[in-house]
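What follows is a single chain, given as structure tokens, in the form predicted on its own.
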Amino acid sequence: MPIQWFPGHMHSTRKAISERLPEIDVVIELLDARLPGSSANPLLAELTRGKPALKVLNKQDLADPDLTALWLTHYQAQADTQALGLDASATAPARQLVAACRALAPLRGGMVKPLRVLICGIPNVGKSTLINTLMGQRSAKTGDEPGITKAEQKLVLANDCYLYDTPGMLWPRITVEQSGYHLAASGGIGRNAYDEEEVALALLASVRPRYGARLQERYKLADIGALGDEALLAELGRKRGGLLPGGRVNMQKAAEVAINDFRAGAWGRITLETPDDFVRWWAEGQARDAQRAARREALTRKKTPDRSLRLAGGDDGIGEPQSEAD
């Protein structure tokens, strides 16, 4: 089942971004390096089109370094875009942001024309932690649940550089099914919006082709090649004490273990998607959307016949029969 989550405050966030953008010079979009495509909000891309962009792959210390390099190349090939990897808790790399923003807007700077930067991203991507690092103090609330920041903040990064922080925002409807699962697994979606077992199964399906050996090592399993995703999740639960009376596996407990281990980096540095993966998923999602729209339109037409045909008869035999007197 596709996962959807769009709390009410995200509507006000979208409005606030739209109103702020005319005076913004550079837009920083913070992405999760483990799922860069899925954590890139297409609604933000639409809102910020035409603005120089800095794509920051946060949590790179949890992601596969080879695939992080691939994603950075992918984004750097886009017009008016720079990209860099970052661990938001590391002070020195965080300072690269100001320099990168100045490079994207070289005509801005100084007290007369200060550089104005908007930072945005999905919930729980590490934005508040990064801001606290940049400011050298606890300026923004942080937590392991999405949706901590609720209102826009204006911060001074330098005498001539202002940073506008916005609450995390997803898009109203997630059209890429894999993205919904990846976002839920990463913590970008509120836990009441998804089923943990369903997400854990999708997570294992994404991880095992490239990192199956990591799972075997972590849970002391034999060859997992012959196991389906559900059987693998059951074995994981068995190894981690998720047993019910009678030896049955508590699949809810197994799912929680899998998701928490992924988030904590217990499986090693893992990336769930490549640029090619996401391009393919996006195209499939758009095709499904087009099919749904066509079905809705056909159903609407079936329920509401053309009014002109109902009001007058014709050679096609549709409409009220006319009398001989006519």
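Values in this document were obtained by computation on a predicted structure and should not be read as measured data. Just count from 1 along the sequence shown to find any residue number.
This next part talks about the form predicted in complex with a small molecule, which is not shown.
- The chain is drawn here without the small molecule; in the model of the complex, the stretch among 61-69, 268-276, 35-43, 283-291 whose residues come within 4.5 Å of it by any heavy atom is 61-69.
- The single contact residue among 250, 82, 129, 175, judged by any heavy atom lying within 4.5 Å of the small molecule in the model of the complex, is 129.
- Of the residues 202, 236, 104, 122, just one reaches the small molecule in the model of the complex with a heavy atom at 4.5 Å or closer; this is 122.
- Contact annotation: residue 87 falls within 4.5 Å of the small molecule in the model of the complex, judged by heavy atom distances.
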